[in-house]
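The chain below stands alone and is given in structure tokens; this is the form predicted alone.
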């Protein structure tokens, strides 16, 4: 196992949602607080940033080309060239106390994303599923901050978080997109482990979890056993995904929000993009089929 490496030193306030786009040999990631989408080209090391008039809270590539994603109100088409969004379904436009957060596409081309309570106190967040025909389904409720999701190798298990509650849940995922069997997978105590944030599954069906406030990634077996812990030189680790031509590199996003001047001096790489080669490969990134 190699050391964690900073590949893009920047001060993202809330770096999130790393997305590998194999056809472009690029990693994309968002800074929710700064309304930005970043792109790192692995071949040329070129970097590009687009700034929008609204926060892009998650991003996914589309089978038909381009990107979809979420803004605080819901699901949108994201146009990088014009730095604009086009609404698809906005289920929480009437809830100013909420905003959408993390999102991922499953192996059947469905886009999953959830909302959070901006004040981080009330369980008003909801997990949604957007199907390729653009029908929206409410899948689970009662979250304070939704994070994830991630999907097992066979597509039959979905993992999803409530960061404030410190809970990582596992669900049985049916081929039609329905969920059942919600159960605790991990319970984290913030003072010891930080909060569970973004996550991904590797080719050996193990879950990699980012610890916000916990300065590390953890690799869990499907049984919940801790297999590895990877420390990072920053406290707020937000998400990770596998990328690169061989899918053998983890790309890790971090945040600098709400850190004091003294904390930023102590952890100057906060908000940067990191890589780590764990000795195991990831899975291809699914595209939204709509």
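Values in this document were obtained by computation on a predicted structure and should not be read as measured data. Positions refer to the first chain, counted from 1.
Beyond what is shown, the protein has a form predicted in complex with a small molecule; the following relates to that form.
_Does any part of residue 204 reach within 4.5 Å of the small molecule in the predicted complex? Heavy atoms only, please._
Contact check for residue 204: no, nothing within 4.5 Å of the small molecule in the predicted complex.
- Message: Contact with the small molecule in the predicted complex for residue 212, defined as at least one heavy atom pair within 4.5 Å: yes or no?
- Response: Close contact exists here: in the predicted complex, residue 212 approaches the small molecule to within 4.5 Å, heavy atoms only.
Check your understanding: Going by a heavy atom distance of 4.5 Å, is residue 158 a contact of the small molecule in the predicted complex?
Key -> Residue 158: no contact with the small molecule in the predicted complex.
Check: Looking in the predicted complex, any heavy atom of residue 105 within 4.5 Å of the small molecule?
Finding: Close contact is absent here: in the predicted complex, residue 105 is far from the small molecule, nothing within 4.5 Å, heavy atoms only.
#### Entry: Triple contact flag 16, 116 and 120 to the small molecule in the predicted complex, non-hydrogen atom at 4.5 angstroms
Yes, all three are in contact.
Spot the stretch among 145-153, 71-79, 84-92, 107-115 with residues whose non-hydrogen atoms come within 4.5 Å of the small molecule in the predicted complex. The contacting stretch is 145-153.
- Of the residues 60, 32, 250, 234, which one places a heavy atom within 4.5 Å of the small molecule in the predicted complex? After the contact test, the surviving option is 32.
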